[in-house]
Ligand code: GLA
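What follows is one chain in structure tokens, specifically the form predicted alone.
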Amino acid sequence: METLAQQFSSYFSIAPDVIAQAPGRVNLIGEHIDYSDGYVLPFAIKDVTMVAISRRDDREIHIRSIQRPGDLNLTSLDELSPQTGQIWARYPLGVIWAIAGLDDQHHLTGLNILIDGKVPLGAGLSSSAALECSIATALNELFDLNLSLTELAWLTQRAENDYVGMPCGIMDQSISLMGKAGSALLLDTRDLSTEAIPFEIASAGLELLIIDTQAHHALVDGGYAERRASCEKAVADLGITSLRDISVDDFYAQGTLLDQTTFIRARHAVTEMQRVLDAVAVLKARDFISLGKLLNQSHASLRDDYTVSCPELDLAVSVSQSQGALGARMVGGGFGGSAIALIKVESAPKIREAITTAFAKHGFTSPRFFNSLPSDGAKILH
């Protein structure tokens, strides 16, 4: 099998100057709160996106993807503007655009880019952040930008918010850049401070099953933005800085200030923030029974209050729970994608079979299963 460098040379008739990779992620708990200054608890997975890049002597940008062999996105540094380019190419273009906008000192040149994405698309495992962060890591090296991981996280979030047009929070980019093998990362999305939380479950006879429902989502639509707007409305109506700044008890006491839709969506955010802190405490105590209960509560909140689940996700979760999982919930932005289930290792075959059978009975696409231990974040390979 050809290496990425060899494939790059086949496409562009030149060797790459730099090769980088960045992983997707699973968020253990803390969904849809990274844009409300909340704490989140993700970890980087072993599946990565790799990019190979070379400088050009002109200002043209040529982007190819191994997963889209017939496509070439061709533009130039002088033509970059938000939401231009083929949809799949807007993620790397957005990163280039964001770097170019930092100041006039980076002297970017044109680029040849080859992408090899191994993070499942539409599975709620943040393939988009993996692509953005691999590009940012490579360009940081190629042009000696000396940007910190925190600066790269803000930059890649800006690329997705302002260029792609997806109003995501900063969790996905942060964990893709900052992930550590063996640990989930307690991330404060207000200032991007972190604490590594050991997530070692094998010695307890457990594994985290990832269930890709293959109900592929597309978040660049009104659903995600509408929910974020509800949280922002709650902040304005309550007269606070962010939903991070109100306790669960105070939120319920002041809930009459909010209309019903705003109340239930903000309720998810406020209670999910508390669940993250509770999850950290039980993980430090290696209390996996309590962790499972928190996962179940998170899914119920996402399903009933935030209404971002879907029939396939609900079925994967309910079957996992009925077959003995300690806990299960949807992960990612929702409307499709993946669920996770904290299960006993010996139960894995039975649970996978039960979910597959249930999906067939309901006429759903057959799900895919995999698992991953916490892995390292973005890195330069060459």
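What you are looking at is a predicted structure, and each value in this text was computed from that prediction instead of being measured. From 1 onward, residues are counted along the sequence shown.
What comes next is about the form predicted in complex with ligand GLA, which is not displayed.
- Stretch 30-38 is the contacting one of 30-38, 343-351, 62-70, 49-57, since its residues have non-hydrogen atoms within 4.5 Å of ligand GLA in the predicted complex.
- Looking at residue 163, you'd find every heavy atom of it more than 4.5 angstroms from ligand GLA in the predicted complex.
- In the predicted complex, at least one heavy atom of residue 169 sits within 4.5 Å of a heavy atom of ligand GLA.
- For the chain shown alone, residue 332 is a contact residue for ligand GLA in the predicted complex, at least one non-hydrogen atom being within 4.5 angstroms.
- Ligand GLA in the predicted complex is not approached by residue 251, whose heavy atoms all lie more than 4.5 angstroms from it.
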